[in-house]
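First comes one chain, alone, set out as structure tokens in the form predicted alone.
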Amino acid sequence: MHICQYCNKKSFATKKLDQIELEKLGNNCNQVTFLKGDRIMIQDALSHNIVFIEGGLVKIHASGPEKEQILKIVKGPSYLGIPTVIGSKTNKFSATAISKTTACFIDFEVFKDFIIQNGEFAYEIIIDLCKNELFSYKKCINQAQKQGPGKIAEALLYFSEIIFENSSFNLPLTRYELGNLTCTSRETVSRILSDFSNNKIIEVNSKKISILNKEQLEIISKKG
């Protein structure tokens, strides 16, 4: 049993649950710790749980006609698998920890009861789903229309502003994975990072990235 009422990493939706609902959530929730490289969700597997990433970084990826594609990087707190469980019952993507990650597996029937019975909880879940959908639209357009430098600049800003909230961070992906995420090649990623470094936009030290000129990086990201 996970004592949800005392958790300091509640989602906005969970904060709308009352004491009785939090106890019910705790009785129907199983917390698991994953190490880097551990698979949290498997594509095409049946799913009966909502996954709440309490803390850590997760790579969302799916197999396509030609290869596996990294769709996005998610950090906790965040829900995974809501559309899958509600609309399909079969996972449409895989999720792999890229850092030590704590995840809570919530029984879907309990989660569904909260949606039906608690309007504020349901509203927060809808907001979360809408944000994810809008992010997917934006990423799809950017991947189709931006050139390599714009894609890499956008990814670096995402890691800096959203994932790590710091101008210096350790890139959690290999050069190949960053290329996969941005629909470019590993060679293109290395060349662009080198160009950014030579132009004093960023500093690269192995996996550590330091953004030196954020304004210029934003211009490159915007112009594509």
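Predicted, not measured: the structure shown is a model, and the values here were computed from it. Residue numbers here begin at 1 and follow the sequence given.
There is also a form predicted in complex with the DNA; it is not shown, and the following applies to it.
Contact with the DNA, judged by heavy atoms within 4.5 Å in the model of the complex, is confined among 103-111, 120-128, 86-94, 142-150 to 142-150.
Within this chain, Asn49 is remote from the site of the DNA in the model of the complex, having no heavy atom within 4.5 Å. Although the partner is absent here, Thr184 lies within 4.5 Å of the DNA in the model of the complex, judged by heavy atoms. Not displayed here, the DNA is approached by Thr174 to within 4.5 Å at the level of heavy atoms in the model of the complex. Contact check for Lys15: no non-hydrogen atom falls within 4.5 Å of the DNA in the model of the complex. Shown without its partner, this chain lists Ser197, Gln43, Asn28, Thr188 as candidates; in the model of the complex, only Thr188 has a non-hydrogen atom within 4.5 angstroms of the DNA.
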